[in-house]
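Shown next as structure tokens: one chain only, the form predicted on its own.
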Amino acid sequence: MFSEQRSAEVVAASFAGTPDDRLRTVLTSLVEHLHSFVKDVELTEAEWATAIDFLTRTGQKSDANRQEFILLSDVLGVSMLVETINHRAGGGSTESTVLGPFHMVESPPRELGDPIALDEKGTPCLVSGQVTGADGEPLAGAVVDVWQANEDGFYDVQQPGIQPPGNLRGLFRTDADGRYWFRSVVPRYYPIPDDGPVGQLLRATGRHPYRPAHLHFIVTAPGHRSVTTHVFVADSPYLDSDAVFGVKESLIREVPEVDDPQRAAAAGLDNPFRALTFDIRLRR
């Protein structure tokens, strides 16, 4: 019978016949931890109703272009924990970080060297690097999916009709030496969307909504584990207080000014320009 003392035991027992072993394990542990939490804080009925309303509004705020539940997971550090557990770095491979809530559309295929800043706003920047395997061997034909916010801190899907579709997104394939390069703009720090339930949570707890300047990457290659990661701008504010806990020391890079007319001309940029180099190593 159900009682305060035996609540988790009774509910967990109801899952004993679950055919899928993994599902049974996850649900049993979830019930045990959730009931322990409720007992620990002695949750009131009013607090329980507030929590239900908060989760309901979180779902209602989500749509095809925005995932408020991912945002909630991000600010609670759960996204980073899941990512870290499932993609433990090894053998010098590039560390992973959160996907974020705005990889909601397919990045348009582009040729190496193409611009991704379709609105031409921001400080021009040449982004380049090499994708290699565990032993440093170049991975030709690796797929490099990139996206970033504009200089005002918004992704294209947040500003339909203002930003061109596919702005600051691109899908590239590395050359025979595993190299990629494209023209973009220097990333800028920005606040995560705080006009919904997650923003309300941050304000209630005295937390800021800002993320340091970064560029998103998903890199894949046959026979290797894909990596979802960022590269962060070294002098950006909020590196030590990222709202979604996504910063890792190994992912921070300088974005220096380059004064090289010949290189600028080859890249199709005015001289001088900024350059961001980010090499990526994948595990087999």
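From a predicted model like this one, the values you see are computed outputs, not experimental measurements. Numbering starts at 1 and follows the sequence shown.
Note that the form predicted in complex with a further copy of the same chain isn't included here; everything after this is about it.
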Original post:
Would a further copy of the same chain in the model of the complex be within 4.5 angstroms of a non-hydrogen atom of every residue among 227, 267 and 284?
Top reply: no
Subject >> residue 7 within 4.5 Å of a further copy of the same chain in the model of the complex, heavy atoms >> reply: yes
Original post:
Is there a heavy atom of residue 236 lying 4.5 Å or less from a heavy atom of a further copy of the same chain in the model of the complex?
Top reply: no
Original post:
Quick one: is residue 257 in contact with a further copy of the same chain in the model of the complex, heavy atoms, 4.5 Å cut-off?
Top reply: no
Original post:
Though only this chain appears here, would residue 247 touch a further copy of the same chain in the model of the complex if you measure heavy atom gaps against 4.5 Å?
Top reply: yes
Original post:
Of the options 160, 77, 141, 109, which one has a non-hydrogen atom that comes within 4.5 Å of a further copy of the same chain in the model of the complex?
Top reply: 77
Subject >> Contact segment among 128-136, 173-181, 198-206, 144-152, judged by heavy atoms lying within 4.5 Å of a further copy of the same chain in the model of the complex >> reply: 198-206
Subject >> Partner contacts in the model of the complex for 15-40 (non-hydrogen atom within 4.5 angstroms of a further copy of the same chain) >> reply: 15, 17, 18, 19, 22, 23, 25, 26, 27, 29, 30, 31, 33, 34, 35, 36, 37, 38, 39, 40
